[in-house]
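Take a look at this single chain, the form predicted on its own, given in structure tokens.
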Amino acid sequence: MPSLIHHPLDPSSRLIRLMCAEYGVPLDMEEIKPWLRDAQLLEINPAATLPILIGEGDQPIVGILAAIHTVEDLYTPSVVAGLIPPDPGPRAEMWRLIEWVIVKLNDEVTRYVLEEKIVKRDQKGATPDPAVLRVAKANLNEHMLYFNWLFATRAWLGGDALTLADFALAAHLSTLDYLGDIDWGKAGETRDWYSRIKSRPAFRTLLNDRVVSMPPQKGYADLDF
């Protein structure tokens, strides 16, 4: 059984968890706070980032892109279609949107919210900076407008079929939803899409996540919001 070194609200770790759940791959989970820069973590990954997937031969697979390709190469069931489109055009659009999510959305929204609301809990005397959170919220609103536009023209994020791009976006939005940073009443087409992907069996493990002393916002685990 492969194992995953993760944090419950790390969106990159959530993406790998969704992939494995979708493919029916059980994971042995090891939770860690990467910002504490534990010596054991630094020995595996000096960058102190997640996820870290450990598979055959106990070889650590470090980073989101390496983990994505490892899961896709080793664990995609032969009887079902994978999450990466076989045709070049749809595959390119999928990777474009994955980059949008794990780079642009993360850099402009998710990482700030996590730093202010989660990381600072372990910093003595630190409190969330309202100004930073306001900027993150404004940036999120802009991203949601773009996602709404996409979902008004296609069934899934990358086109007519579910792809890895949908799980990438769902991983980030589920983290932000846990922390109460999404107003689903104003989310338009993105809300309808999220309701569909949230209902998939692969999502159940994420909906059961809990952070000590920080319960999720009301409705986080409800399929009907």
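So that there is no doubt, residue numbering starts at 1 and follows the sequence shown. Remember, it's a predicted structure, so these values are computed and weren't measured experimentally.
Keep in mind that the form predicted in complex with another copy of the chain is missing from the display, and what follows is about it.
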*asked:* Would all three of I61, G89 and R96 be in contact with another copy of the chain in the model of the complex, where contact means some heavy atom lies within 4.5 Å?
replied: yes
*Quick one: which of 42 to 50, 166 to 174, 188 to 196, 23 to 31 gets within 4.5 Å of another copy of the chain in the model of the complex, going by heavy atoms?*
42 to 50
*Does any heavy atom of W100 come within 4.5 Å of a heavy atom of another copy of the chain in the model of the complex?*
yes
_Please determine whether H69 contacts another copy of the chain in the model of the complex, using a 4.5 Å cut-off between heavy atoms._
yes
*Is there a heavy atom of A161 no more than 4.5 Å from a heavy atom of another copy of the chain in the model of the complex?*
no
*asked:* So, K104 and another copy of the chain: in the model of the complex, are they within 4.5 Å at any heavy atom pair?
replied: yes
